[in-house]
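This document starts with one chain, in the form predicted on its own, laid out as structure tokens.
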Amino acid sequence: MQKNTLAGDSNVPEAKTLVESAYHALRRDIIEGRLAPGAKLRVEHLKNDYGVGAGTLREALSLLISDALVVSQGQRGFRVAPVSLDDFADITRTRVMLECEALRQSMAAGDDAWEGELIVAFHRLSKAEERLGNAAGEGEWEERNKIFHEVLIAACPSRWIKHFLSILYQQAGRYRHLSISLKPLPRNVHTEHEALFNAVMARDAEKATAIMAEHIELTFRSIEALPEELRQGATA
């Protein structure tokens, strides 16, 4: 039987690992829609699905509350946080404002080492985009896309802008998954990333930030373009 308490120093690393494992599994299932927006998260049921004890699962759910992916209902337990077009519009506007400014500052401060990291991140993302058509490729693409966007703004000197952007990127994850999996609008994400990469490498801040804004806004427009019945299902 797995140990889920923190009683005793020898159990602390194991318990922490179990919490982190449950947290990442739950987070993935929420972002990828296997746990639907608004769904009730029954600890007694989920502990068997995720192979951990009730205490461990509650700790993982508490971490997801901090991520705004789960909401607590007091004595009534936990639910997956709801989503809506209004919410995503707010996320999108704020992300465009902050990420374009962070990119501008990063391009001004970035050195040769930053450029080298960006070249590697773009190469790895491009390889993942070649495999994006199969189901196994989406998880790989999501991780490499996240790294690419992080490296783009890595040279920005403001840690607070980068902190807030990490939250916004995470909150956009469920919507981004719908955009990639359902493809409501024709788009070539590799071409978008390539144009952004080339503008950044050319140190053309105006062009790069314009491409970045369009790239982020396209995901919102793709969710907005979903048929009404699918949109209602996605934002229930």
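In case it trips you up, residue 1 is the first one in the sequence shown, and so on. Quick caveat: nothing in here was measured; it's all calculated off a predicted structure.
Separately, the form predicted in complex with the DNA exists; it is not shown, and the next lines address it.
- Taking His193, His177, Arg58, Arg27 one by one, only a single residue has any non-hydrogen atom within 4.5 Å of the DNA in the predicted complex, and it is Arg58.
- Out of the listed residues Leu69, Val52, Ala172, Val189, Val52 is the one that sits within 4.5 Å of the DNA in the predicted complex by at least one heavy atom.
- Here the chain stands by itself, but in the predicted complex one stretch of 73 to 81, 142 to 150, 122 to 130, 92 to 100, 73 to 81, has heavy atoms within 4.5 Å of the DNA.
- Interface residue remark: Lys16 is counted as part of the site for the DNA in the predicted complex, having a heavy atom within 4.5 Å.
- Contact check for Glu206: no non-hydrogen atom falls within 4.5 Å of the DNA in the predicted complex.
- Among residues of the shown chain, Ile65 is not one whose heavy atoms approach the DNA to within 4.5 Å in the predicted complex.
- The DNA in the predicted complex is not approached by Ile167, whose heavy atoms all lie more than 4.5 angstroms from it.
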